[in-house]
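As a starting point, one isolated chain is supplied in structure tokens, in the form predicted alone.
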């Protein structure tokens, strides 16, 4: 009966810019969790990054659209960019649940973000009311850093799928926190911005259309952008 519900991945982040690591994570999650679609949700200015320099939300949105254009199950949502306020993640998930009332939402986030999740607004609701997929980069194995600060009841819902394991039907019956390492591309947005600033070959780090966009609009030439 559960599989009658549509499964939608919600991949939030600044995506400044989207890179091959993000894209490979999205592909792997779509496949491994039998997702119907993946929604990339660019943040206008996420609460935990206020005060940092980010590229224009519209540049980041354009790069997401270019990167996902040829992928039939990948979409970009402007739910946060369209909001009159700067919503917290729990508010975004609630709005998307209203937009997709029959769907089961899986929030996708990186391990670097997850290790700080206890500082997020109403984080316990995010981790208990929704499925959460944590995407660790290659060689990221610090279990204590990843989940050590979680409350015991949340720690109990953590399922380790690293090593290419797939979630079982039994595990998918209830919301869980899934720790994965499906994507083997070890790249970060910081790497991309530094490469752009030095005039390096961006096509090895980002989709070709995104590389061309960065060059055309001369993004990440300002040294302040490398600090975000």
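Everything numeric here is computed off the predicted structure, so don't read it as measured data. Numbering follows the first chain given and starts at 1.
Although not depicted, the form predicted together with adenosine-5'-triphosphate is the subject of the following passage.
The three residues 21, 112 and 135 all sit with a heavy atom within 4.5 Å of adenosine-5'-triphosphate in the predicted bound form.
The stretch in contact with adenosine-5'-triphosphate in the predicted bound form, judged by heavy atoms within 4.5 Å, is 102-110, chosen from 154-162, 69-77, 102-110, 89-97. adenosine-5'-triphosphate is not shown here, but in the predicted bound form it comes within 4.5 Å of a heavy atom of residue 187. Using a 4.5 angstroms threshold between heavy atoms, residue 210 stays clear of adenosine-5'-triphosphate in the predicted bound form. Though the partner is left out of this view, residue 220 does not reach within 4.5 Å of adenosine-5'-triphosphate in the predicted bound form, counting heavy atoms only.
In the predicted bound form, residue 25 approaches adenosine-5'-triphosphate with a heavy atom inside 4.5 Å. Residues are counted as partner-facing when one of their heavy atoms sits within 4.5 Å of adenosine-5'-triphosphate in the predicted bound form; in 7-43 these are 11, 12, 13, 14, 15, 19, 21, 22, 25, in sequence order.
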